[in-house]
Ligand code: 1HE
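As a starting point, one isolated chain is supplied in structure tokens, in the form predicted alone.
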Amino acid sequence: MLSKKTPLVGVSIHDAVACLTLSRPHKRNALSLQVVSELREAFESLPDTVRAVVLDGQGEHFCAGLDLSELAETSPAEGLMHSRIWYEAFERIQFGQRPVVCVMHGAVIGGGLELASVAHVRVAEQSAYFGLPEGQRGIFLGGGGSVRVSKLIGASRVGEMMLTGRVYTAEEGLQVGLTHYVVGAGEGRRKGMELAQRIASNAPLSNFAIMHALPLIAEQTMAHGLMTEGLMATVTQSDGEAKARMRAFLEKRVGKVVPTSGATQEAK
């Protein structure tokens, strides 16, 4: 009798929030093609009741990057197809149906940082550290990082990280834009769940517009961007749920925006 393989991506559902966990701690959650495949399948198989996702890693590290053993003997054609598999999986996460909160601790290196850059909100525990050691490995970014990480912190910083092997701490990552929040040890999942629950309470059409239209607008000329913004504003505010929420605000049935306080560091 064949034994069922242990999943490399754990899935748990908490009402409107799903937690997806990289579960390869003995390999520091290195990303093999099997892990990437399971990650894609997990996102695509979530029930319709899920409206936000928390992505984290089991063990001492979020993700130490690409499983280099898969590239050791590849041909150029195989290497290109390897990247295409990552691109397709990550595209479905970034531009899927649900916003993703990534919770990072320990190593967030190479492919691990590429994966984190796919998420819409990032939370780092103080133990997190970020690096792109591709220059020292004799390779180049292959999971979309040259595009996504460069959009977060700029191509110059990405190039310097790759050339010199520079590693950013969690606090440094907050300052340059690799993460939005820094929390204490063991507090990442709690903060991630708090943010995901807040996101899940938004109007779905607003979340869709933020995930899909905002990146598009950022790539457009001003005239095109303003037209796209105007169209999305019209579509979202015409939705029945948006109208109900606006009425609730006007009738003072919901509170106004107020400053938040606490020990959590947040990107300004």
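The shown structure was predicted, so the numbers you read here are calculated from the model rather than taken from an experiment. Position 1 is the first residue in the sequence shown; the rest follow in order.
Quick note: we don't show the form predicted in complex with this ligand, though the next part is all about it.
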For this session: Work out which of the listed stretches, 166 to 174, 95 to 103, 141 to 149, 188 to 196, brings a heavy atom within 4.5 angstroms of this ligand in the predicted bound form.
Result: 141 to 149
Exercise. Quick one: is residue 178 in contact with this ligand in the predicted bound form, heavy atoms, 4.5 Å cut-off?
Worked result: no
Exercise. Do residue 157 and this ligand come within 4.5 Å of each other in the predicted bound form, heavy atoms counted?
Worked result: no
Exercise. Taking heavy atoms and a 4.5 Å cut-off, does residue 30 contact this ligand in the predicted bound form?
Worked result: yes
Problem set entry | Exercise: residue 222 in contact with this ligand in the predicted bound form, heavy atom 4.5 Å | no
Exercise. Every residue in 20, 43 and 84 with a non-hydrogen atom within 4.5 Å of this ligand in the predicted bound form?
Worked result: no
Exercise. Looking at 161, 183, 118, 109, which is the one with a non-hydrogen atom within 4.5 Å of this ligand in the predicted bound form?
Worked result: 109
Problem set entry | Stretch 52 to 68 - residues with a heavy atom within 4.5 Å of this ligand in the predicted bound form | 61, 64, 65, 66, 67, 68
